[in-house]
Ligand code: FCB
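Listed next as structure tokens is one chain, alone, in the form predicted on its own.
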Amino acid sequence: MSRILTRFPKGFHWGSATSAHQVEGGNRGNDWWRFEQQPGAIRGGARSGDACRHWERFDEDFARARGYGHTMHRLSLEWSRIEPGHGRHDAVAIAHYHEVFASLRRHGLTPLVTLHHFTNPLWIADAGGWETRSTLDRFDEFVRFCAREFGGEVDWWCTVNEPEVGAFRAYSEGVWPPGRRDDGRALGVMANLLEAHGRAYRILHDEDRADADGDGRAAVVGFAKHLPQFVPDRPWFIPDIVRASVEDRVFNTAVLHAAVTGDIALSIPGVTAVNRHVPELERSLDYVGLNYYTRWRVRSFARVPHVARRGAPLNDLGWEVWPTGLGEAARRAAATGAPVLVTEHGLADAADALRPRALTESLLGLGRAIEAGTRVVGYLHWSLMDNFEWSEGYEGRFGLEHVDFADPARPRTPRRSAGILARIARANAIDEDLAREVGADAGF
């Protein structure tokens, strides 16, 4: 009998993740759709278009996920579909999401529902988006509506996906809508998204009183935090050391600290700092969602400030494949005192050449973190299927399943990694035979 290398806790959640705009298709009422129409905005001139046609194909997609041994699925509700105008709710979209939750229940998949995954209704964007305080009030209303409408079907909620990424990609780098390059605005948006999480946390606990799965908890609420490591590319060069430290402080430390203490303290050199205390943010994590993909080597005075280690294996987007990082990131996220749920992890690898080994080694590292005392309650792979990867268009193939975007009505094609993860999920463990099969280094 093959020796078990790592065993995961009883009741561990296994699954995958998606977001509405990236897979549903036809989301024309949000700021991302409009942004995609601009020449040069998306790699290769791509547009989300029909995406994966998950809007029509959700039931068959969930059936396959269950067939892989998944027990949880992360998805998002598209705000612009549910509320296409302020206070105006679309009965067809609402009925559709009820069907989605019924399908998840039939297939034995616990839903983890994200309420804000980067997209904003046009009426929100045109009123100033997350730069304006009024958007927090409008988001409060949306959260309250969702809690009352879907609370009987949903217990696990993710308020906001990666507030730090959304703010900096849109307002510092300018590669996401609204395409601005202003670090001061980026900090302000990031602060507003953090406050929105705190307020949503309280609303969900107040409004969702229905225990959908009968475990005694009606609402389990957190956010999803992208948690890369920042290391100086040249550890002997003081500017690299300083820049890596500053970026880590604002991107990682400040976000996690805010959700524990309620203190938002965001600062970067040359920009007015943002400091405020938000009582709703204090202890606002029933779990911390961990999104992890890579580490960033920071290089000062360079056109490209984040680089990969020379000679390192790279995914299709040029990111370093570094399996050790998942366990390290989980340990850091757990320092909040909340249990960790890996809400995204994966790599862009159309050929599925690196993913089987990287996935197995990453989960071995996660298992070691758990054995050392880090409380991790689940692992959700990004993504169930290839999808529209924001400014990367269709170049980043993260899916356990291949999607033919020339005809997204064609059957999905499982990659080898789908079977690897299925074996781990069904056994709730990794054994020597699997590690040997994928060439994983069990002692990395």
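Treat the numbers as computed from the prediction; the structure is a model and nothing was measured. One rule holds for the numbers: they count along the sequence shown, beginning at 1.
As for the form predicted together with the ligand, it is not shown, yet the points below apply to it.
Site annotation in the model of the complex: the residue of Tyr97, Tyr287, Phe118, Trp79 reaching within 4.5 Å of the ligand with a heavy atom is Phe118. Proximity to the ligand in the model of the complex, defined as a heavy atom within 4.5 Å, singles out one entry of Glu401, Glu389, Asp31, Asp61, which is Glu389. Only one segment in the set 407-415, 389-397, 32-40, 372-380 has residues whose heavy atoms sit within 4.5 Å of the ligand in the model of the complex; it is 389-397. Within this chain, His226 lines the site of the ligand in the model of the complex, having a heavy atom no more than 4.5 Å away. The ligand in the model of the complex comes within 4.5 Å of no heavy atom belonging to Asn192. For Glu162, a non-hydrogen atom is located within 4.5 Å of the ligand in the model of the complex, even though that partner is not displayed. Looking at Thr360, you'd find every heavy atom of it more than 4.5 angstroms from the ligand in the model of the complex. Residues are counted as partner-facing when one of their heavy atoms sits within 4.5 Å of the ligand in the model of the complex; in 335-361 only Glu344 qualifies.
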